[in-house]
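First, one chain by itself in structure tokens, the form predicted on its own.
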């Protein structure tokens, strides 16, 4: 079976074709990072317009690389949320049009769940359950108890900024380019993580939830003072490097603390990771020091991509989930229920 996957939840336009549930025939991604970089973050309206411009040419490229025609596709899939409403609508309307004109079934996919399915696509060996799912991206910081794949219980999430968003905003504070994650990681490797007393937030009586808003404020005050102005202060290279190292070390400690606590609380030995922040090598190295079994997605499947959408759709189809049809609507938030 050939499945077409479409992903437009934020600022990557992505189209992929997958055979079966894991074999990737094509996985095309058009990044908007250079366009949004001048603003220091994603502009939703601009993202939507660029999706509109990029999605059909990208579809043509994906079909060509997979040596396939539209008529060969058996199942159409699309990320219907969570994400930016306008961006989601572009991908959804494209998927609906294809499903209607080709008379093919349409399946909507939860973007967060797809990030975890990317782990299954990255490993040939069978991963046992229950496990803890750890999704770390620009829009999501989520801990899930996975009884089996597809049977999730939300146990922790961010109450304000996602981890990737916090990286971007701290980078912008220090006048580093967008996206901020890779820049912070690069600078952190040159800095001293003990220079600044940065800590991640803790939520009372909610040990698995995250808060990074106060962490950003701590960065701001340590660099510029409580009444300091970012625009009027020029940071030295040492200040930037040391703050990058201090911030990165603080948030990594927080993620490790809460993920390992969740594994202990729910008696799980496996951690499954998803999302773009999992590209951070310092994060991976720090987790390697734990005694847990770690399952990382392939690097090409960490960022938003269509292959994880198509693969999960094929898995759901194989396991008896019904298609959604043309009534499928975009959703900015999708709650996980126990």
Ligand code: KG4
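Residue numbers count along the first chain shown, from 1. Computed from a predicted structure; not experimentally measured.
The protein also exists as the form predicted together with this ligand; that form is not presented, and the subsequent description refers to it.
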Exercise. Does residue 161 make contact with this ligand in the predicted bound form, using a 4.5 Å heavy atom cut-off?
Worked result: no
Problem set entry | Partner proximity in the predicted bound form: residue 180 to this ligand, non-hydrogen atom cutoff 4.5 Å | yes
Exercise. Hey, in the predicted bound form, is residue 113 touching this ligand, heavy atoms inside 4.5 Å?
Worked result: no
Exercise. Would residue 307 sit within 4.5 Å of this ligand in the predicted bound form, counting heavy atoms only?
Worked result: no
For this session: Name the residue from 91, 139, 108, 191 that puts a heavy atom within 4.5 Å of this ligand in the predicted bound form.
Result: 139
For this session: Could you spot which one of 209, 254, 239, 185 gets a heavy atom to within 4.5 Å of this ligand in the predicted bound form?
Result: 185
For this session: Heavy atoms, 4.5 Å, this ligand in the predicted bound form: which of 285-293, 268-276, 49-57, 62-70 makes the cut? Say which one.
Result: 268-276
Exercise. So which residues in 163-178, when you check this ligand in the predicted bound form, have a heavy atom no farther than 4.5 Å from it?
Worked result: 164, 165, 167, 168
